[in-house]
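Starting off, we have a lone chain in the form predicted on its own, written out as structure tokens.
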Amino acid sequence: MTTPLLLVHGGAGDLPADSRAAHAAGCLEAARAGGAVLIAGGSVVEAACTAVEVLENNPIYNAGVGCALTRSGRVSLDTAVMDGHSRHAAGLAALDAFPNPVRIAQAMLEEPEVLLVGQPASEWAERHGFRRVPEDELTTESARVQWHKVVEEGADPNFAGGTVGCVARDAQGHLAAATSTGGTMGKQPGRVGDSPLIGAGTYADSVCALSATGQGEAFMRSVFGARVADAVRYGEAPNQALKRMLERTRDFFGGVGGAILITAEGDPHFYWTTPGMSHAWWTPDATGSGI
């Protein structure tokens, strides 16, 4: 038996000072919600998805409600879930407006396909009981303001991150990872980032689970998640593997960001190459959060 652990992030970037407390508090709320699932005997996948659902429902993050918009001002969502014990994985990309995309990926875990994209992904979701909603239900005034700054004024599209993710471990040492995002503000319609790609922004196996956030193209080029997981599997310390690969992704592939990681036993690990990354963790005996 090992100590259950749940770790979440709310995106890596340069958060305004007046938003930091809310970002940290939102992460802590999500970590506690996922932890409650574990305490009640729920699966590690359910715990990770519950935590991400809480973050998707919080408009301060870039996932679900409050998500970033494409260059044409539309909603386009990316998400993935992986069960480290079974190795089942599912991702959806360029998904239409659905309130909690992580739950769609969770429902897809038993399917033979690993990734669905665009309109077929949305149609699959509707066939399996998920409700497509008007885009206004997920679009906040803050997102509209930021869209105008990025698309019309040339502001940095990744100024404050906002992708959300969770990694979880149960008492048996089983691991899971889940990630959800609206992507880069003002992105090209049809653009897919690293979050829904297994082995890039989301990954879990019997050794470790991780969720990444940042400039997705660089994380895809570096095959970030798989490289970190392999390094840990072959003996590199988890915190060192995270640091090395995040710095390599920055220096060699030109993208900054952050990631969270847990192993089958031991403490939570997190690192970022941006000014900060909101995060929080839960165990049965303690919680914590930070930026």
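From 1 onward, residues are counted along the sequence shown. Here the structure is a predicted model, which is why all the values come from computation and not from measurement.
Below, we refer to the form predicted in complex with a small molecule, which is not included among the displayed structures.
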Answer yes if any heavy atom of Thr184 is within 4.5 Å of a heavy atom of the small molecule in the predicted bound form; otherwise answer no. yes
Are any of the heavy atoms in Thr79 no more than 4.5 Å from a heavy atom of the small molecule in the predicted bound form? no
Since only the chain is shown here, I'm wondering whether Ser195 would be in contact with the small molecule in the predicted bound form (any heavy atom pair within 4.5 Å). yes
Would you classify Gly214 as touching the small molecule in the predicted bound form, given a 4.5 Å non-hydrogen atom cut-off? yes
Counting non-hydrogen atoms within 4.5 angstroms of the small molecule in the predicted bound form, say which of Arg191, Arg71, His88, Lys149 makes the cut. Arg191
Look at the stretches 133 to 141, 206 to 214, 91 to 99, 115 to 123 and give the one with heavy atoms within 4.5 Å of the small molecule in the predicted bound form. 206 to 214
